[in-house]
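Presented below, as C-alpha cells, is a lone chain in the form predicted on its own.
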Amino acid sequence: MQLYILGIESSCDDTSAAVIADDVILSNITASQDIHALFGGVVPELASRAHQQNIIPVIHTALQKANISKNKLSAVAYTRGPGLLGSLLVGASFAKAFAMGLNIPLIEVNHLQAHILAHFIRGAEKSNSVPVFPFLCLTVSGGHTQIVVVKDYFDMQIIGQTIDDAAGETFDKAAKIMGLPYPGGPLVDKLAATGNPDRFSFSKPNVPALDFSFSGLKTSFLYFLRDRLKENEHFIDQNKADLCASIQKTILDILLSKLEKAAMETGIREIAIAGGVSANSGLRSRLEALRHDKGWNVFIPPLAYTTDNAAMIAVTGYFKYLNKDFANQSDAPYARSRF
C-alpha cells in the first residue's frame, strides 16, 4: 500500500508543506516572509505571526497540487526542532490537531536530520541517485555547521561542528558589514562570481580535530574594513566584488579542508552536502572539482531542497513511518538541537 505523508516545516521564517507518496515528491509549497528584510534579520515574534497566517493556505495548496484529499493521508510529519520556539509551536500545533482530526499517526522530525535525508527524495521519474551508507555529509546553514557520518537513515554521528558561529551566519554578517541587504549570503555569492578571490586574505582559525570556528574570521573581516575605510571611505563600494569573492573563498577553504580531513580519516568516499549554504555556487563548484581530484562520489541537493522546505520533513516522516516511529501529542518543540 502506498503511503502518503504530509510534511510541515516551520522552524524559522518559511512556512512550508509537502506531500510525498512513499519517497516520491508530489508537491512542495513554501511561503516566505519578506518583512524580515526591513529589520536586517529574522524577528521571532513576526515570524510566528506570519506562520499563523500562512499555514492553512500553504497546506491547502500542497494537497491541491498533489491532487489528493486529506482523507488519503497516511500520517502527518512536522518539524519538532531545532528552531525558533514560536515558529515551531505553530507548525507543531497544526500538525497535532490535523493528525488527531484525521485519526492518523503523528511523526516528529529533527530539522538537521531532515536536511541530510533530503538526498533521498525522488522525483516522479525516480532516476536520481542517492548516497550509499555510510556517507559523510557537510551540513551548513545559518545556524549550524557540522560534519556527520551517516550510517543509516537514523544512525548519524557528528564528528565535527562549529565551536562558535555557523558558516551561514558568517556569510550574512559579512554582507551586513558591507551594507548589503538581508539575506546577505546569496548576494555575497552572486557578487563573488565577478570578483577576484585572491585579492584579499583573512585569518583562518587553527581549530583541532574536525571542528570549525568562524568568530575570528568575522572579527578579522570587520577590522580589515574598518582600517581600509579610514583611508578611503569608498573602499567597500570600489571593491565589493573582490571582497565578496575573498571572504567566500576563505569560508569555503575552512569548510572543505575539514571535509577533506574527515574523508581521509574515515576512509569514506561517499560525500554529500546539505543545508542552506549548500545552495552556494562556489561550494557546489568546488565540491564538483573535488569529485574528480579525490575520486569521491559527490551528492549535491537540488536547490529546492537546500533551504528550509517541507519535502525533507515528509521524506524523513516516510522513513520513520516504515519504522513505526510515531510521536505523542504531548511532545513539545525544542529550540536547541537534540541531534
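Just so you know, these numbers come straight off a predicted model, no measurement behind them. All residue numbers are counted from 1 along the displayed sequence.
Form predicted in complex with a small molecule: not shown, discussed below.
Taking a 4.5 Å heavy atom cutoff to the small molecule in the predicted complex, the contact residue among 48, 307, 33, 27 is 307. A heavy atom within 4.5 Å of the small molecule in the predicted complex is found for one listed residue only; from 165, 211, 242, 172, this is 172.
Partner contacts here mean any heavy atom within 4.5 Å of the small molecule in the predicted complex, and among 232-240, 90-98, 139-147, 217-225 they occur only in 139-147. In the predicted complex, at least one heavy atom of residue 279 sits within 4.5 Å of the small molecule. With a 4.5 Å cutoff on heavy atoms, residue 111 counts as touching the small molecule in the predicted complex. Under a 4.5 angstroms non-hydrogen atom cutoff, the small molecule in the predicted complex lacks residue 160 among its neighbouring residues.
The closest heavy atom approach of residue 183 to the small molecule in the predicted complex falls within 4.5 Å.
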